[in-house]
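The chain that follows stands alone, in the form predicted alone, written as C-alpha cells.
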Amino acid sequence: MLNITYLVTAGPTHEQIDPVRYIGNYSSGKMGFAIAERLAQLGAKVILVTGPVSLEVQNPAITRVDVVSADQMFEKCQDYFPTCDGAIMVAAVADYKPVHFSPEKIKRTDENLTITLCPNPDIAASLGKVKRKDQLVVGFALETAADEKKAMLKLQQKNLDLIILNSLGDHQAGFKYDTNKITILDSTGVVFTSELKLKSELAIDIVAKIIEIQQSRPGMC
C-alpha cells in the first residue's frame, strides 16, 4: 500500500465574462478523476482539485476541493502542494481570462463585441519552480496533433518529471470520451505509448509509471 499523498487537478476552468457567460473548454474531468481513484485504490491519500464537472468521487481517501476559475485552482494548488509527495496536473486550465468582469449581463447589440483577455497563471510551471527533490510534478499536454517535440519543450520549460501527451486528432481520444490514447515522456524522451484505452485503464498505466519513478529516487517515499 502506498504511504504517499498526491495532489491531482481535473476538469476545466470557467473564466467569467459576466454573470451568465464564461470562457471554458470541453474537459469532462474523467482522466483526472480516474487517476485520483487509482491512487486511492493503492492506498495513497489524494487531494483532488477540480473545476466544474458532473463527476462524483468514489473513494473516501480522496479529498475533493471544488473550484471554478484558474486563479482559484492556482491558489488551492499553492496551498496543498507543500504537504504532498507529488502533483499530477490533469486539469484543462483555460489559458486566458477576461481582463474585466462585467457585474451585469452584457446586452446584445448590432455592434461587434471585443473582449480583452490576459494570461492565466501556469499552475504546473509554478509547482515545477518550487518542487523539492522529494516531490514529482507530472503535466499533461493536449495538442491537436501528436507532437512529442512540443511536449518535451513543455517538460523542460516547466521543470516537470513526466509529461503525458494526448492528441485531439486521435479518434475517440481526449475531451468528452471515456477513452484516450497517450504518450508518456520524461527528460530522456518517450517512456510509454498506449493504444486507445479506457481512461480508467490508462490511469493504471500512468500511476504505475509515477510510482516507479517515485520509488527509484533516494529520499522519496
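No experiment lies behind these values; they were computed from the predicted model shown. In case it trips you up, residue 1 is the first one in the sequence shown, and so on.
What comes next is about the form predicted together with cytidine-5'-monophosphate, which is not displayed.
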- Option from 110-118, 97-105, 137-145, 78-86 whose residues, in the predicted bound form, bring a heavy atom within 4.5 Å of cytidine-5'-monophosphate: 137-145
- Query: Closest heavy atom of K158 to cytidine-5'-monophosphate in the predicted bound form, within 4.5 Å or not?
  - Reply: yes
- Query: Heavy atom to heavy atom, is K154 within 4.5 Å of cytidine-5'-monophosphate in the predicted bound form?
  - Reply: yes
- Which residues from 123-137 come close to cytidine-5'-monophosphate in the predicted bound form, meaning a heavy atom within 4.5 Å? I123, A124
